[in-house]
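The data below hold one chain only, encoded as structure tokens and taken in the form predicted alone.
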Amino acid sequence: MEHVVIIGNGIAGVTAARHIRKLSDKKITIISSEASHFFSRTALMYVYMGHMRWKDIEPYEPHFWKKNRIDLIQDYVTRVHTKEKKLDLEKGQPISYDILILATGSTTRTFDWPGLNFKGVQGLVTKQDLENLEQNAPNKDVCRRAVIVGGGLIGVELAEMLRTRDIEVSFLVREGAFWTGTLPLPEAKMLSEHIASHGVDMQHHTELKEILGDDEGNVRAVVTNKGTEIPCDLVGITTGVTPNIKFLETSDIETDRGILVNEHLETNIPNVYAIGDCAQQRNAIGKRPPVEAVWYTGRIMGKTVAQTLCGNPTTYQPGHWFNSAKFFDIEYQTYGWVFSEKKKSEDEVHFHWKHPNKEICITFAYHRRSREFLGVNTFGIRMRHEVFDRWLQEKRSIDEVIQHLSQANFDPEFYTQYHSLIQKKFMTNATITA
């Protein structure tokens, strides 16, 4: 019986296992050193905040794995021998495979800052990170102040988590507003103000220079590029993630930032595949980055590789870009491409609307000459994925999208509707431009 071994039990690896089992009788083994069972990584913050228990973020009951004949091994793979088709484990005996799927996810990206090894310096990616946070910042008596470095999605999640325990937070953001590398400036400024309104000390144009420790090896302060010393008991490193591939350094598997794969998610080694955050497309798909640390793309990759392994070779097709997140009280959705001022081309035009009294806004991107709709960002307004996906697929014009905007509204009928206000401003702008 053909043996499929999957390294990593995140959404990509577990999706692959589930779909291989639906399609075949292959022997399936999942190896993970992080946790004994699959869990919802996006819900880690809610465990710390007390909204959920650990068992609440495990989607499957313990009997699920035995019922579906999926063997679980909690161990760390130290080396991959591709010629012998064998894996060395840190604790257990070596394990052989016929097909190997690498789904090892991401790890916190750091830079060469002095002091990274002090106790109290950590990221927020893994189960172990959550456990460390409970040790390092259980309450405001143990952790009086935390410093968060980096202005991305993980950073704002960590800020919200810490503030629920009344821990003071300083947030170092190197740009002039939050997440300006991704968002247009009006949205970034609104988010900076909103995060600050929750008691977060937002320090813009500020970068980490050094982490200072005490005689016992604990964090005591950070020094910024401005020469300011900020006393703290926790330093949250949230400057992005990087593929978790260090264990492959001695293997024959080709890597760059991630594990290099083709359109079928195949590596350079026959019968070895890579999916999820650790995979890097040799040829970028459209405007998507070659490495995507996104939950839903990992899920699609898992389904795709399962089809290929079970006799139906399938090309990885992630479709139109979309994502969602939450910034304290503001819900965010994005469909298609809305680039920041730093990244957008001269042909990309933005139409921005913001409610005069509420933290609600929307930005549409479209092509200057053809007026083709390119993408949308929404904050505080829920929209329908399938509607925007169809409009992007059909290459609708911005004028058609604005005209039929009510079709994309997802909020219940008793919620305030904003499409008429958005349409009015769009028409006013069009008249002024003309």
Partner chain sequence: MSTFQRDLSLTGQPPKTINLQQKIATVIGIIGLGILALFLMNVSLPHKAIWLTASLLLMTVGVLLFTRAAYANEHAGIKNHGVYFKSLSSRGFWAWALGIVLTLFYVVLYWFPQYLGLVTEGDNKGLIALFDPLSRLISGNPASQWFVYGTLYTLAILIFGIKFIYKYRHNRYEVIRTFSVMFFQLSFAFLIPEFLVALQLPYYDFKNIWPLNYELFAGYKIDEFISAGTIGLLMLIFGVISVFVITPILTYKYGKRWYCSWVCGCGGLAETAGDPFRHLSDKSQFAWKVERWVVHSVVVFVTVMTTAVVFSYLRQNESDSLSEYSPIENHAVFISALEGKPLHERVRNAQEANATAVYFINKEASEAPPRLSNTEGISIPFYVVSEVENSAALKEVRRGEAATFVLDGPEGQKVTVAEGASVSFFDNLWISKEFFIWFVIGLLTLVFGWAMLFRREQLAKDAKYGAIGYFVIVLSILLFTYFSTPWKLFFFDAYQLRKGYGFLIGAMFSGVIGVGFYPIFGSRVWCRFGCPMAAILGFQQRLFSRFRITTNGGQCISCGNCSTYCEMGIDVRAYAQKGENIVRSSCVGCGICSAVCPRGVLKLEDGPRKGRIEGKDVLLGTDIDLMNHVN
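Numbering follows the first chain given and starts at 1. These numbers were taken from a predicted model, which means no experiment stands behind them.
The next section is about a form of this same protein that is not shown, the form predicted in complex with the partner chain.
> Here the chain is shown alone; which of 343, 165, 354, 257 has a heavy atom within 4.5 Å of the partner chain in the predicted complex?
Going through each option in turn, the one that passes is 165.
> So which of 247, 322, 97, 339 gets a non-hydrogen atom within 4.5 Å of the partner chain in the predicted complex?
Contact with the partner chain in the predicted complex is made by 322 alone.
> I'd like to know if residue 413 sits close to the partner chain in the predicted complex, meaning any non-hydrogen atom pair within 4.5 angstroms.
Yes, residue 413 sits close enough to the partner chain in the predicted complex that at least one of its heavy atoms falls within 4.5 Å.
> So, in the predicted complex, is residue 211 in contact with the partner chain at a 4.5 angstroms heavy atom limit?
The answer is no: residue 211 has no heavy atom within 4.5 Å of the partner chain.
> May I ask you to check whether residue 299 falls inside a 4.5 Å heavy atom distance of the partner chain in the predicted complex?
Answer yes; at least one heavy atom of residue 299 falls within 4.5 Å of the partner chain in the predicted complex.
> Report yes if any heavy atom of residue 131 sits within 4.5 Å of a heavy atom of the partner chain in the predicted complex; otherwise report no.
Yes, residue 131 lies within 4.5 Å of the partner chain in the predicted complex.
> With the partner chain left out here, work out from 363-371, 397-405, 23-31, 378-386 which stretch has heavy atoms within 4.5 Å of it in the predicted complex.
Answer to the contact question: 378-386.
> Would you check whether the partner chain, in the predicted complex, lies within 4.5 angstroms of a non-hydrogen atom from each of 17, 252 and 268?
No, because 17, 252 and 268 lack any heavy atom that approaches the partner chain to within 4.5 Å in the predicted complex.
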